[in-house]
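Below you'll find only one chain, the form predicted alone, shown as structure tokens.
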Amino acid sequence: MSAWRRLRVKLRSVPGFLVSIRPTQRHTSPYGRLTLCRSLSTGSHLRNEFFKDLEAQLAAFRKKAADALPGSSWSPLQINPNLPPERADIVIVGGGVVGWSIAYWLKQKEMVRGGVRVVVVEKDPTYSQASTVLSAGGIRQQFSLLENIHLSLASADFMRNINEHLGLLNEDPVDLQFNQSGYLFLANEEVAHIMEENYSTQRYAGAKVSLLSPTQLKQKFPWVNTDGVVLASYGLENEGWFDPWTLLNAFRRKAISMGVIQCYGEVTDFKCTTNVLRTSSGDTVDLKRIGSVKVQMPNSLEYQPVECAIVVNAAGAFSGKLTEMLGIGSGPKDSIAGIPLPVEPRKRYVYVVHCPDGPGLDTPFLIDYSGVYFRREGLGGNYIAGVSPEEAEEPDTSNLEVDHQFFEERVWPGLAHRVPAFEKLKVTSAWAGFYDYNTFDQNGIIGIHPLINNMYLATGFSGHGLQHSPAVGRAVAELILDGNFKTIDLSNFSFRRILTQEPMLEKNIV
């Protein structure tokens, strides 16, 4: 026996020799069949690698077991990362330029970083049907109402200094491609007096506008046929056109950088509490307060209720449907509850035409008294043009198909009459978009709905929501956070005028 022990000592002293001659042992573990080579190892490296791998598997098992314990966040169901949060302070329904402007100004005005939790819900992830990106992208001060003129002046100032507001650190500057070539309105004998009244209002508000006689008009723009024109109004500054998508995306990116939560989905329902009030005449009125909104995810049965304190209806052309879910307009016809939000989608066509001999680089955004309009689109003799249809010929809004016959019959004749060079134009493309058309007076509706005490309206702009979005967003944020308007008084645009049947008619609607 002592001889055998001496032999083992000698063998152990030889580097790299076998440590043991015991047979290999196999063990079965919960992680599969593991072979433990305890006798045939030629060193410690393989053993270390094996035990590291075993420890990693055991750690993963322990974590999974801990996650499944009561009180953990583990769930057997996969959580959709695109769901909105369960709670927010303010939910803005509508991710167009007005909605994102409101979101930006809410964060800009918050007293403490992260003090206001804002969620923007947009149902169209592609923005393929968004009114913002399908518009002609114009901005003008030539309105008839002081409120609209002030909104335009404030918005133009915002756009001129856009990088002071929406610029991002270490990002390229925002380039709106703001072309300040002005607007040119033409008036015949029938409406010339209205143009003169509007001119006085615009100058009083601080807009730089000039009136031109037919002779002066021809001298400044020789390509214009002045037949039938009695007076023209030309914007000297802060008017023209810009890229709508760039403005929308700049608001969106800046707001997200400030903590706004973006969600793609459709609001399909509300949960409300209702208080029944009795009027002095004995009638009952249901006063509602929204507790949560139901957000349905795109192309899915999945949804998320979002508890909130305030809802902003900035759903544009479809904002009327949103209030219908809350019973607005479904009450007796002679009651407040029977008055719907008078906003509906109206389809408008925009045609892109090419005319090598057309007006040059100084071409303004021209609005003829017939309603036909055009402006330059880039370089190389390209223009966009259109006209709003008559009430009786409003197109079907169930789709965004373009009626090319409408151009042949309604647009081209007016273009060719006013600019003879357009007789040789060629249509190269076209698209259609929706106006959030206010059937009551074609002006924005801004403020709380009288029957829903935590729903703010920002809709019904009837074609000028894009150009007014910077100033409207600030005004709505002031109303929510300050309790009243601070910069521009828009109280005349409240829902109250609809209840009292006192329209705020805008005479310069394109």
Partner chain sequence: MMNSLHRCCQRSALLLHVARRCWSSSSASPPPLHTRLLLFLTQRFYDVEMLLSWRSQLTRNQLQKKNAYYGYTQRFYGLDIASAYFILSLKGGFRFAGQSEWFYADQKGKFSWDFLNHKDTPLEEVDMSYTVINYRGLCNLESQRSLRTLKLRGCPEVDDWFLARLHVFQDSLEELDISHCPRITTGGLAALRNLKGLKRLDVSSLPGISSPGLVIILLEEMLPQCQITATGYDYNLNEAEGEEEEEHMQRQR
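Residue numbers count along the first chain shown, from 1. The structure displayed is predicted, hence computed values, not measured ones.
Absent from the display: the form predicted together with its partner chain. The rest refers to it.
Using a 4.5 Å cutoff between non-hydrogen atoms, M325 does not count as a contact of its partner chain in the model of the complex.
Within this chain, E164 lines the site of its partner chain in the model of the complex, having a heavy atom no more than 4.5 Å away.
The shortest heavy atom separation between D362 and its partner chain in the model of the complex is within 4.5 Å. The closest heavy atom approach of W105 to its partner chain in the model of the complex falls outside 4.5 Å. From the list 331 to 339, 344 to 352, 310 to 318, 372 to 380, the contact stretch for its partner chain in the model of the complex under a 4.5 Å heavy atom rule is 372 to 380. The listed set L169, V276, M111, A392 contains one residue whose heavy atoms approach its partner chain in the model of the complex to within 4.5 Å, identified as L169. N179 is the sole member of N179, Q202, S233, T132 with a non-hydrogen atom lying within 4.5 angstroms of its partner chain in the model of the complex.
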